[in-house]
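Given as structure tokens, the chain that follows is alone and in the form predicted alone.
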């Protein structure tokens, strides 16, 4: 019996407001509150709430045989708590079924794994703690931002105690091998790898409503037939996609919700499949091979590389300038700065600066608040300039203030002096 692992990435960035050159040094608030609230409410009504309702019903109607996994970025959790707490309640209701697994990721949905290992670990721990607080689960599996993975990143993830990591079943990595097996990390075999079946995943995520596609319309019966055509020896099928596929990337009018309602029961009624979470898969199956990934991969675009975020000079400049501030942020340890620092790390800011033509650009273009990559770059760098000024100002302020250790040492010295004087006076009094 094959296992189906159905995983959804759930993320929205905190969008920046139009931040002009003359705002630098004068206005330290960077966010488009109206735009963020409007978009979150739209996402909640069009995608998250109806999808969660369908999944909850499927879990109960399947007698809890239907199981899914989510990774919800920390940035989105902050936005949901602020604007649409009913969405968090609906995820809690799913968690209470025992059939939903929450996967860890970076809190900021950032690219920090490529730049700063300590900051990466801190963000992952922060996210795991938040998931445990909200949903009562300690994540055992990890999915990096946009499924970014390499042997070295996997080694770091393994050192943090995770049992499994989700990533792309890229053709140039697997070659002739199938993604429909369990693999392991090349540097630490204890970390099991779940490789995305990008053909089956993208049939739903990107091609579902494309009428020019030769397989349109996609039905639950047709999809199940494709599963039946897989090699009998293959053990599992990893179907990973953005949760916004339902109701946003693929609109309600396309029939995507009807498809979601029917597909799981169609698969279960077939009799040859079961649904499983990443944590269950690593307990049940053994890796068939090591996955060698010396160069970083992702699940984005045809290239499956990093060029969507770090493919031009604009992106590289912004990325490097951001992480030049890491040491200062840690030294200052200021709560407000740290919060803005987390939000400024979201990978979306760099994605908006992308200048290359990419296959899924039309799907994501309506999430981009800028007219051009250059507008995105200028706006971001203006914000970063102000952020840097705040850091410098706080440094000066702290340098003027006397450290607590110095104050204590001075008081100790004064007390010692007064004790000495008191002893002398007592001795003099005794002599008199």
Partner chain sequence: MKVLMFGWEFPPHISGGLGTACYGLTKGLSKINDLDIVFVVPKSYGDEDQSKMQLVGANNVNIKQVQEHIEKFKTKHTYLEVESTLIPYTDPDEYYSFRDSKLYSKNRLFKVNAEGKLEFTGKYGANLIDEIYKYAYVASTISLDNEHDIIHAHDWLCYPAGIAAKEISGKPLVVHVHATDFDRSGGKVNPKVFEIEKMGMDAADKIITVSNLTRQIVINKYGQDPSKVETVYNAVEPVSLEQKKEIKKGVKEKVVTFLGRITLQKGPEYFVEAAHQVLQRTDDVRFVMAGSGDMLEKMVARAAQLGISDRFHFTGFLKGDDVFKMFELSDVYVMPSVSEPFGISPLEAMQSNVPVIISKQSGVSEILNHAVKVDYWDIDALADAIYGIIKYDSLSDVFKEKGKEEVDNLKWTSAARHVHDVYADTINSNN
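Numbering follows the first chain given and starts at 1. Since the model is a prediction, treat every value here as computed from it, not as a measurement.
Not on display, but discussed next: the form predicted together with its partner chain.
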{"property": "Candidate stretches 382-390, 66-74, 46-54, 33-41, one within 4.5 Å of its partner chain in the predicted complex by heavy atom", "result": "382-390"}
{"property": "is_contact(residue 24, its partner chain) in the predicted complex, heavy atom dist at most 4.5 Å", "result": "yes"}
{"property": "4.5 Å heavy atom contact, residue 321 and its partner chain in the predicted complex", "result": "yes"}
{"property": "Contact test in the predicted complex: residue 396 vs its partner chain, heavy atoms, 4.5 Å", "result": "yes"}
{"property": "Contact label in the predicted complex: residue 372 to its partner chain, heavy atom within 4.5 Å", "result": "yes"}
{"property": "The unique member of 212, 327, 313, 231 whose heavy atoms fall within 4.5 Å of its partner chain in the predicted complex", "result": "313"}
{"property": "Residue (of 93, 152, 317, 334) lying close to its partner chain in the predicted complex, criterion heavy atoms within 4.5 Å", "result": "317"}
